[in-house]
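Encoded as structure tokens, the following chain is the form predicted alone, with no partner shown.
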């Protein structure tokens, strides 16, 4: 299945080009420009608008020592967590406070992209006002309790007929909108239970038997759910998938034995998924997973500073230590900088008006949630 930009533009080839390709072809020029920039003796504040210990916080702290190593002058970098509003509060603060001096950067995530894409009135930030210097995908796996007797797509009829399906959600416009839309595409009658303080809380509800269906992002699934799978207490059904260089949905490289969502849906429904719910899922999958996380600075930041960051991240992505350790932290996903990052950024922060209006109407119908 081929993906186009949310505005319908073709040519998303090389959306997520490998980091090595950028390092070889694109890092040289930024490196020359970066020599004019020196962060010696400076402290850089990395805003993460979500809780300590969460996925975004872990992602930032994993990259932090490499960024300090490769930025000119080896500055001190501190992560500052600003919580509230599902990430909106801290992001609003960054938009209001960041100056074009390279001393404050923001780590974004799908939960911040979604309110922006859907026109949430609490949003006081504009992705068009920022320049991205790193883009990172992630993945996720949906799984069920073994008591349902569902082992794969061959048991879809049994899954559809299962009474009392519940899913613990952080909120209607959080990253959990992706599984909620997946249930819509499949025609599954799943009760969405709001109020979870994080995906970890959703997993604990699953373990207690309160919710027989759940999903976790790759890092949490590998660390927390795989032991349940090995013990026979959880059954993975599908991954969300990944995008290849042509922008096509493919199997997640971390879960090659699992069908991606479109594969599962095609087999379950007898035809490839289509319609407004599918279009909405596809758009939000890109913003929530395929191009989930970005590091951004104000757009008016001088080119020398932006290039210093791009060069530092390009060198990070080629660092043997980074390549060795990333699997256990972020998974085997190719993060990108340079032109590939720009393309991923455009795809993840754009939604056509028809899809936006359908999602807003669906949220009102499905959850009585009005933006």
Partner chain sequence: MIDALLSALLALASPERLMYMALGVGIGYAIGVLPALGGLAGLSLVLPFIYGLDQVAALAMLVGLVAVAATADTFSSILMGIPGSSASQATILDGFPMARRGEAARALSASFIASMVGGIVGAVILTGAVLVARPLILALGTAELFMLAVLGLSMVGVLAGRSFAKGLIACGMGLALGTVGAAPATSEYRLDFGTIYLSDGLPLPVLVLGIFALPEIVDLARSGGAISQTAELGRGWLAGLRDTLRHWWLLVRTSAIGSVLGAIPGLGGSVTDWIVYGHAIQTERNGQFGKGDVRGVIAVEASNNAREGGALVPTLFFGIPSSGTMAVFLGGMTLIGLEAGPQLVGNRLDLTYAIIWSLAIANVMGTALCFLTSPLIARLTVIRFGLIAPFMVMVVCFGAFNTSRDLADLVLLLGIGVLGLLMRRYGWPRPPFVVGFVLAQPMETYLYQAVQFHGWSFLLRPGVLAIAALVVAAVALGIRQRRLAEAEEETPRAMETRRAQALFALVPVALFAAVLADSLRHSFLGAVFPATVAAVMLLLSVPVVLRLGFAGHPGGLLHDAEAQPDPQLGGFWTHLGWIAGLVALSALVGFFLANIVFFLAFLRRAARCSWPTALALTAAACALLLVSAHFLVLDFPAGLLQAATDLPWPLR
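Numbering follows the first chain given and starts at 1. All of these numbers come straight from a predicted model, not from anything done at the bench.
In what follows, reference is made to the form predicted in complex with the partner chain, a form of this protein that is not presented.
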| property | result |
| --- | --- |
| The single option of 269, 153, 79, 95 touching the partner chain in the predicted bound form, heavy atom within 4.5 Å | 79 |
| The partner chain: the contacting residue among 160, 299, 166, 74 in the predicted bound form [heavy atom, 4.5 Å] | 166 |
| Residue contact check: residue 57 to the partner chain in the predicted bound form, 4.5 Å heavy atom | yes |
| Residue 254: touches the partner chain in the predicted bound form, heavy atom cutoff 4.5 angstroms | no |
| In the predicted bound form, residue 111 touching the partner chain (heavy atom, 4.5 Å) | no |
| Partner contact for residue 282 in the predicted bound form: the partner chain, 4.5 angstroms, heavy atom | no |
| Triple contact flag 260, 276 and 365 to the partner chain in the predicted bound form, non-hydrogen atom at 4.5 angstroms | no |
| Segment assignment from 177 to 185, 236 to 244, 127 to 135, 223 to 231: heavy atom within 4.5 Å of the partner chain in the predicted bound form | 223 to 231 |
| Residues in 63 to 88 close to the partner chain in the predicted bound form, defined by a heavy atom within 4.5 Å, in order | 65, 66, 78, 79, 80, 81, 83, 84, 85, 86, 88 |
